[in-house]
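Next up: just one chain, as structure tokens, the form predicted alone.
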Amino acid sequence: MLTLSDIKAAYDRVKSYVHATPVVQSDLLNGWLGHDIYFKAECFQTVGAFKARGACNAVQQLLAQHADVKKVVANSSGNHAQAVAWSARTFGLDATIFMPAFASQVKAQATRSYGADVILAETRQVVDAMVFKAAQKSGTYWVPPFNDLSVMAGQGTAALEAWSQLNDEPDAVFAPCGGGGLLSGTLAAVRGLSGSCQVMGAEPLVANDAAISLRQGSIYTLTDSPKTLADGAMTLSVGDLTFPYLQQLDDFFEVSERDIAYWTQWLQHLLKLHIEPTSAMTMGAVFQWLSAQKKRRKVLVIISGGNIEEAQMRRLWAQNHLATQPQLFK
């Protein structure tokens, strides 16, 4: 299992390459909800998402462990693709990224702009098969999007960094769940930093493979890519490495598509930041948890990224949710 020492070692490796992203608040939101909510704004991160942390750590680990590394490959619908392409360019490696055809065109083009070859395939299953085959070539190594200890440790550096930016320890930390890499690293970091802080996860209700897995005690795999606004949480299943960490979470929440759109609009409005729906989804989980709290709580929310294409923005703003103010009823 990952430890705080692993997260700190990862931070030492990546800190010269990634941004120390800010922690921001909305006094208006805090007043409305009666709680103190802090947002770790990874939308300001290199490539616009926390994924830069994990990819940067993983590529450095590969270079340290293997003398023959010439190329890295990855499979991703977006942010991990950009992160691996950027990391490969940073450390002088070639990169090929396999992406599903339905992936954000903005993210695909950004991946190309970092110098990577991008190959599109019809389904996630085909993408996964292609990256596995590509990684069999000599000198070529796969950087998985989440099911990898180096990736997981790198993702945990966001929570570690946020800890040093807060004056007091939070009562809970929330992060979104796709394949579980960010949550796994966050759990490892927080468990090493605190004996009382809770760690929670969130995923779309219509893409709830992780929630089903947690309920049944074994990994559940979706049969097809779910149709959700939270495109960063469209994974078919969590990983065999990440699942044991998810099982240690203090709670896990499923968020409706309506709430994903609602919180994307409100967080963009209140924080004045370009926030992905996958990130805003997490606030839907925070709202559910705070509804049951009897006293004022301090919460850290990891805003995982800020890459949204125009078509996605139109879907998110198809209905005006700003007419309904966030408010907790107790």
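The shown structure was predicted, so the numbers you read here are calculated from the model rather than taken from an experiment. So that there is no doubt, residue numbering starts at 1 and follows the sequence shown.
The next section is about a form of this same protein that is not shown, the form predicted together with another copy of the chain.
The chain here is shown without another copy of the chain. Which stretch in 270-278, 285-293, 66-74, 52-60 comes within 4.5 angstroms of it in the model of the complex, by heavy atom distance? Single hit among the candidates: 270-278.
Report the residue, out of Thr221, Ser113, Gln248, Gln216, that has at least one non-hydrogen atom within 4.5 angstroms of another copy of the chain in the model of the complex. Exactly one listed residue reaches within 4.5 Å, namely Ser113.
Option touching another copy of the chain, based on a heavy atom within 4.5 Å in the model of the complex, out of Val106, Leu236, Cys197, Met130: The residue in contact is Val106.
Would Glu310 count as touching another copy of the chain in the model of the complex under a 4.5 Å heavy atom rule? Yes, Glu310 lies within 4.5 Å of another copy of the chain in the model of the complex.
4.5 angstroms heavy atom contact with another copy of the chain in the model of the complex for Ser5: The answer is no: Ser5 has no heavy atom within 4.5 Å of another copy of the chain.
State yes or no: in the model of the complex, is some non-hydrogen atom of Tyr17 no more than 4.5 angstroms from a non-hydrogen atom of another copy of the chain? Result no; Tyr17 lies far from another copy of the chain in the model of the complex.
If you check in the model of the complex, is Cys43 within 4.5 Å of another copy of the chain, heavy atoms only? Yes.
What are the residues of 291-328, in order along the chain, with a heavy atom within 4.5 Å of another copy of the chain in the model of the complex? Those in contact are Gly306, Asn307, Ile308, Glu310, Met313, Arg314, Trp317, Ala318, Gln319, Asn320, Leu322, Ala323, Gln325.
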